[in-house]
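Below you will find one chain, with nothing else, as structure tokens; this is the form predicted on its own, and questions on how it binds or moves follow later.
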Amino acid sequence: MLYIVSTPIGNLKDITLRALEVLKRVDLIACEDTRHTRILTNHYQIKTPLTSYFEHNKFTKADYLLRLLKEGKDVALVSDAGTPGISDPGYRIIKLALDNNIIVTALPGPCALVNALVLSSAATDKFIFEGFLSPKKQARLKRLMELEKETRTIILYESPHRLIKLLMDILEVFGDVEIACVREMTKKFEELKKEKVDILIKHFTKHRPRGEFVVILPRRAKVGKKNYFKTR
């Protein structure tokens, strides 16, 4: 069986009892970075072997994991943080397993996009998750211009070294609207900043961005000819 196991997005206590049980019982844990996952397994005294499964070896390693599953081995798939398969290569081995009639089950747990969404107070009844936009400016602007017509809450992921570039593009396309930037969730330095985009650019220019970010563009409602961002 392939187990899709959600792991903490920060605080190591945010893991379910079932997840710990599965990680101890399976034959192998497939993870993005063995060094990162070993922090978790060492903390909970889990001795299960680890193997790397990340973007640049996803094709060869997926075939290897599939062979183990066909041999009757139990494999747990984890990401560096949160739920596997979301903005990481985990979807490939999940699809391969299902296509080959391997039993797959998902253990619910932390997910950064959901955590940030509810924390931001943006409308949650309808939202769209875009993950990481292109690192190339023109492609990123093109997608933002497509999203400019979106009336659902928009959720983006961004790395610290590209955050200011993303904010500048949002300012260019959406104007100086209020958005939310969430980082270091569940950790000591968790931070939620809800401000106009221009203020956020000035803040993060002065205070270098640290940690992975979730950026929330609250749902835009239309009243007559006027567009505005509205939170609950």
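None of the values given here were measured: they were computed from a predicted structure. Quick note: we count residues from 1 along the sequence shown, nothing fancier.
The form predicted together with a small molecule exists for this protein as well; it is not shown, and the discussion that follows is about that form.
Visitor: Wondering, does I29 line up within 4.5 Å of the small molecule in the predicted bound form on heavy atoms?
Guide: No, no contact at 4.5 Å.
Visitor: Within a 4.5 Å heavy atom cut-off, is F132 in contact with the small molecule in the predicted bound form?
Guide: Heavy-atom contact with the small molecule at 4.5 Å: present for F132.
Visitor: Should G82 be classed as touching the small molecule in the predicted bound form when contacts are defined as heavy atoms within 4.5 Å?
Guide: Close contact exists here: in the predicted bound form, G82 approaches the small molecule to within 4.5 Å, heavy atoms only.
Visitor: For F127, is any heavy atom within 4.5 Å of the small molecule in the predicted bound form, or not?
Guide: F127 lies outside the contact set for the small molecule.
Visitor: A122, A112, L77, I154: which sits within 4.5 Å of the small molecule in the predicted bound form by any heavy atom?
Guide: By the 4.5 Å criterion, the partner-contacting residue is A112.
Visitor: In the predicted bound form, which of the stretches 155-163, 69-77, 134-142, 95-103 has residues with heavy atoms within 4.5 Å of the small molecule?
Guide: The contacting stretch is 155-163.
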